[in-house]
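What follows is one chain in structure tokens, specifically the form predicted on its own.
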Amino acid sequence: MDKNNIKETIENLREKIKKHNESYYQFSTSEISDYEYDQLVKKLESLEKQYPSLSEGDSPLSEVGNDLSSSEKSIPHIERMYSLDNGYSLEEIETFLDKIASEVNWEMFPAITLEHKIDGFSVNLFYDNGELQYATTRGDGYVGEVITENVKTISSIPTKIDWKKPIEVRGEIYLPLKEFVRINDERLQNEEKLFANPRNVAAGTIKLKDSSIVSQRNLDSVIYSIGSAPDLMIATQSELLKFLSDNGFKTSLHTQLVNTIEEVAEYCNKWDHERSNLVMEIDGIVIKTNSFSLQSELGYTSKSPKWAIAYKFKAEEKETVIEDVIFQVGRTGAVTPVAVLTPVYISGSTVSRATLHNKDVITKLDLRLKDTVRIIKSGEIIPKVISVNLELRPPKSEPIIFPDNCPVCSEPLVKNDEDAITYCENPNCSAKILRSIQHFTSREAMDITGLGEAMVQQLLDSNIIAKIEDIFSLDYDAIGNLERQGTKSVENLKKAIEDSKNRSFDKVLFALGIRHVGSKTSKTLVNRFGNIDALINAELEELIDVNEIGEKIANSVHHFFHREENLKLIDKLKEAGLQFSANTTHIGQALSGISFLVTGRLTKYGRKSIEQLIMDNGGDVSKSVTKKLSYLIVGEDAGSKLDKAKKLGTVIIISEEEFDSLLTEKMGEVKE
């Protein structure tokens, strides 16, 4: 592989990892399993280490996941919150323990605490004078989003404790399995989309604005660590767990203190087999050195503690039979084959479908109808076929033929040589229209309450709407005559549609469903171009030159705005009153054309507040150190970003105070 291919591979891996981080932390969804995600991470780690000269720019490997929402209040953590490294075999765990043993010259195997790794949502709780002052999410590790009122609805988290000194308490919020089943049963009865797994429900619930809904979902918690606690004199993890329990926190009932690698293996194997008997989902075992002094000696990497690791359970595997294959068409026209399976119970649920991803997967596995296949399911995604049991293949088996024409509209399908996905390019394909409308009205986009998947399908079937723009000229009398649609429902829908006209430009842009353009990229484009006309008229080179926009995304955006049907849609949405320009009442141009990246802990600003200030003055906020970056704003404990900026030599490194001076100077220039 030549250098250009290696660099392209590194960039593609970074883009994929960032995309999956955004899906997981911002929208509580998972497109791939934890194992598949970690394999991407390990491949990128290997390439960055092997080819440092080709790894220019900042890497997602040095950052913890970020669940911050730009519109919500946040509070800096007193002590940073880290994430754990993962191991998928006991050999990896032994290697990890051997490595840190060599660093501290153990004379004997130290005490190790073993705890269940709850598949939930991290929380930081701050108490002072014995009372809960606030609760936050992990955020970006430095700053967390405030969720205090919602946390107060969780009965296992005390609002008052005996300890009177300031203390940060940390743990996991989760949804018990019985509650997950109950909620999905209710959604099934109401013909609503089912939740994929308990973790996603917990993550989504804890950020709801209505605490009364949060309280109805009966979230629970397990607390296992602390952040800042300057007056707490405790020497070990096992002592800490007792302290937490004595103060009314719920801790794991199955924590174990061990002294040999054999005991570690025995505990991991036991709970890998018995996890289905628990009241909550666990996805692994957390392995920590028990001694706090030893933890302090070992320290941290830029992302994780060196004294702890998570042993992740392998995805459960089962065999079943492919009864049929259906081909689904998504909003972008992507055609995805889905195997219809003989139902099989795996990882806590009965599965009857599995994604086959694309044509290449079918060819590679040589899949045929009635094949006995092995599937995996990690608990967070649609199951995946990984192999065929050829010994059980029936004679004269039928190959699975990928269609040449769209299974919905019959138009010829298109597959680019460099892309594994096959697309229907027909803008009038009914499947694309359905999916695009569902995306447009979704919570992450225009957030039109009452226009869920079932309702959109009902409106299409009744010929009340035929395309996106029809949403804003509905015949409400006709809707009132539909089954299960009363006067109140129609009034609520009308209000929700009117309210959606106030959604910001970046939300509207994301709602348009441009291929490869997620919510973050939409904000980047809005911040750079300001209005839809500037974006429509942008040259391809201008798009490529925008921070965080690669050639692949730029081509997709450029292509979208050069299709006549898309320009007609935008004109219709303009007429309906949607927002197609940034809010110029508060966005200045003092920092226009200047890009910034923030690293380290700031003393004057929160991370989110300074980034918002930059955007409010027309500047770009980057996530990586590249040649396009103008300024790196450096706080305390700055890490790899600072080193990379110094090495690059083209980035101006400034402090918070220097940023203030720069902003004042630029604002003065604009006034002149």
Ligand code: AMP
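Start at 1 with the first residue shown and count on from there. A quick note: this is a predicted structure, and the numbers were derived from the prediction, not measured.
Just so it is clear, the following notes concern the form predicted together with adenosine monophosphate (AMP), a form of the same protein that is not shown.
At the 4.5 Å threshold, heavy atoms of E115 reach adenosine monophosphate (AMP) in the predicted complex. Mapping the unseen interface onto this chain, N358 falls outside it, with no heavy atom inside 4.5 Å of adenosine monophosphate (AMP) in the predicted complex. Among residues of the shown chain, F472 is not one whose heavy atoms approach adenosine monophosphate (AMP) to within 4.5 Å in the predicted complex. Among residues of the shown chain, Y82 is one whose heavy atoms approach adenosine monophosphate (AMP) to within 4.5 Å in the predicted complex.
Of the candidate stretches 572 to 580, 117 to 125, 518 to 526, 89 to 97, only 117 to 125 contains residues with a heavy atom within 4.5 Å of adenosine monophosphate (AMP) in the predicted complex. The candidate site formed by R138, Y224 and V286 is fully in contact with adenosine monophosphate (AMP) in the predicted complex, as each residue has a non-hydrogen atom within 4.5 angstroms of it. Proximity to adenosine monophosphate (AMP) in the predicted complex, taken as a non-hydrogen atom within 4.5 angstroms, holds for one residue of D371, E172, E145, D506, which is E172.
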